[in-house]
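In the structure tokens that follow, a single protein chain appears in two forms: structure 1, then structure 2.
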Structure 1
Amino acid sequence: MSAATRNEDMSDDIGTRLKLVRQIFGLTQRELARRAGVTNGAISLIEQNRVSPSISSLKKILDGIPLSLADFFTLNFTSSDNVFFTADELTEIVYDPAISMRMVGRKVKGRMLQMLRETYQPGADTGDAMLRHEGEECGIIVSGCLAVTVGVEEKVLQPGDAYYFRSDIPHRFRNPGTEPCVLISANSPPSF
């Protein structure tokens, strides 16, 4: 049985669905019981599917979250897209032979974020023409060093250093070091 099938089966019964919703909202059984004005035992029995609550009892419990009955029964516990990606499932963005950009979730529908694992070989440079596009971007250096130019400012970043800027400001990246630079970056909205 696949993980998606298990999740669908788990969310079909009221007890399991209540437990999942309670956990999603970060509530303990005791906290939910206090908010809903019921006993902790009642929540426990429902979650174990030992008691089937009436609609009015379930509504009272859900008011403690707060969540409507309709939302409770229609909440989807599975993603329609892939959630996890192996290293070889990251999409390679061909930019330059000396620069590797591997994207997470390239085919995810409606993506609002772009995350990359970037590798700049020694001497690699995004070019003399500064990059410029809508949105924001940030990154953190994992290994090596990277000279980041944003507007008139430039700084050589080392492992653990990071950057964050508005992408409509002209910017450029280059590796002035003698070893490859690896970084993790994110752009919003996606530029690829």
Structure 2
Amino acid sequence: MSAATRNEDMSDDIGTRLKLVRQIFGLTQRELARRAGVTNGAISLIEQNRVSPSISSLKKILDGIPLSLADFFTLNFTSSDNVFFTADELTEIVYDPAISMRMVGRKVKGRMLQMLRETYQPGADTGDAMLRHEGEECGIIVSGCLAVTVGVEEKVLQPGDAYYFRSDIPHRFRNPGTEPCVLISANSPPSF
């Protein structure tokens, strides 16, 4: 029931929601209308919230996507606000003065992924008290070089190189070079 109040606002704006869903699935009003067996005009009116469609109409339209009524009302389709981010919109995370981290997207609980843009200054090191946490992580080097230790293996990665390992295996990052190292990494689930 907590979901009820949380999702209640969705019910008021079927139009925007339908439009968003339609666009997510890459359909035009006419194409969706053709698949659903309704007219494009009907979809236009619904998306403008100028009419409140009947269940049967909405069902027919969703069948053309296809998407169930339950999913239509339940799923949390992200608005474009949460899709695209400029570089300076990435939230900065203070971890170590020599290590800059910027996270892609907003911190929303329930997410399974966390992407970071990390910058390691020369000599920066996560320390020999190896990191360990739940989940998996991966990354790719953008510039500079990075020494990555996973378990007993260590390798110095160059730009373009990448890694992927289970996060419960002790791991460590270090910049052995003379220029900053930039990499893009991802965690699942978010480690902080």
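For clarity, a rigid core is taken as the largest C-alpha set superposing within 1.5 Å between two forms. Counting starts at 1 and follows the sequence of structure 1. Quick caveat, the model's predicted, so the values are computed rather than measured.
Only structure 2 matches the form predicted in complex with the DNA. Core-superposed comparison between the two structures: the Cα of residue 58 travels 2 Å or more. Once both forms are fitted on their rigid core, the CA atom of residue 69 lies 2 Å or more apart between the two structures. Annotation for residue 38: C-alpha shift of 2 angstroms or more between the two structures, rigid core superposed.
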